[in-house]
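Presented as structure tokens, the chain that follows is alone, the form predicted alone.
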């Protein structure tokens, strides 16, 4: 769909299922996080799987655009197996339709995931705006949105805290930087990644949850959308491990807070955490 047409604009939100990072952190702190003999997968089977939090905020950004008066449809798509529960949660939040792309047999890397998402967007009618979380909580790479923008020929605006559609067929994005907020405008279609500074996503109501239980996602086989696409992974996971974290506490003595603060600064300068005076 081309931007500026008489049809409602189409927003596509890409989401990912991840292990609950709070549960993973709790296992790690207690020493119970164990990698299996294959060196790649965790032995814990009780860790819940849920939607990546940044992606949930991307859905929230799309719903705010719709509630702000922009006539649009919101589609959610994910790559994986058995994602019905995940995608029903998206329906309960208020999106219009949900889609599950089955992954190829080889373990997909970021390039394969982006290729599948891009192929589905092209073959399903295109998109005026693609929203993604800034990164996933399991690998923290944030590579897929950039690859997706390259494959679709769309500009990419990263780390957004606010997204608005203008009357000029463009998107106005407030981005988060180390030096403060910046405002960028990009012509549509575009890819925008959403950060947690957007704010808390809405909580689905009970009626919406009940209605979502009757919705099944469209299941898409990779062969039906990726003819001629390169689905061979370029990056393969070789090994993952749980690092040993050693805590060390140093008590700083001194006659009063001022003396203790002076010794603390001296210690930080000595460790090159702070730079001393020339």
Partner chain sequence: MSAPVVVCTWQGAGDDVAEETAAALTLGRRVAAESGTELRWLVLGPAPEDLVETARSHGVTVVDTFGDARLESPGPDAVVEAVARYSASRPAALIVFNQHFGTRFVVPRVAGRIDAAVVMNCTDVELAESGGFLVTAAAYGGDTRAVYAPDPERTCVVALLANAVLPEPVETPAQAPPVEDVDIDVAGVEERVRIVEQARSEGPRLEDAEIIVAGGRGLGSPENFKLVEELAETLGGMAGASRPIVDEGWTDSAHQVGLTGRITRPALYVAAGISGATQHMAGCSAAKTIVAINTDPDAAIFRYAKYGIVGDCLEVLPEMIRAVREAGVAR
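Numbering follows the first chain given and starts at 1. So that the term is clear: the rigid core is the largest set of C-alpha atoms that superpose within 1.5 Å between two forms. In this text the structure is predicted, and so the values were computed from the model without any measurement.
What follows is about the form predicted together with its partner chain, which we do not show.
None of 202 to 210, 173 to 181, 76 to 84, 124 to 132 except one has non-hydrogen atoms within 4.5 angstroms of its partner chain in the predicted complex; the exception is 173 to 181.
Interface residue remark: residue 103 is not counted as part of the site for its partner chain in the predicted complex, having no heavy atom within 4.5 Å.
Within 4.5 Å of some heavy atom of its partner chain in the predicted complex lies at least one heavy atom of residue 140. Contact between residue 94 and its partner chain in the predicted complex is not found at the 4.5 Å heavy atom cutoff. Contact annotation for residue 230: at least one heavy atom lies within 4.5 Å of its partner chain in the predicted complex. Relative to its partner chain in the predicted complex, residues 38, 69 and 224 are all farther than 4.5 Å at every heavy atom. Contact residues in stretch 125 to 159 (any heavy atom within 4.5 Å of its partner chain, taken in the predicted complex) are 134, 135, 137, 138, 139, 140, 141, 142, 143, 146, 147, 150, 153, 154, 155, 156, 157, 158, 159. The two forms, fitted on the rigid core, differ between the shown form and the other one by 2 Å or more at the CA of residue 265.
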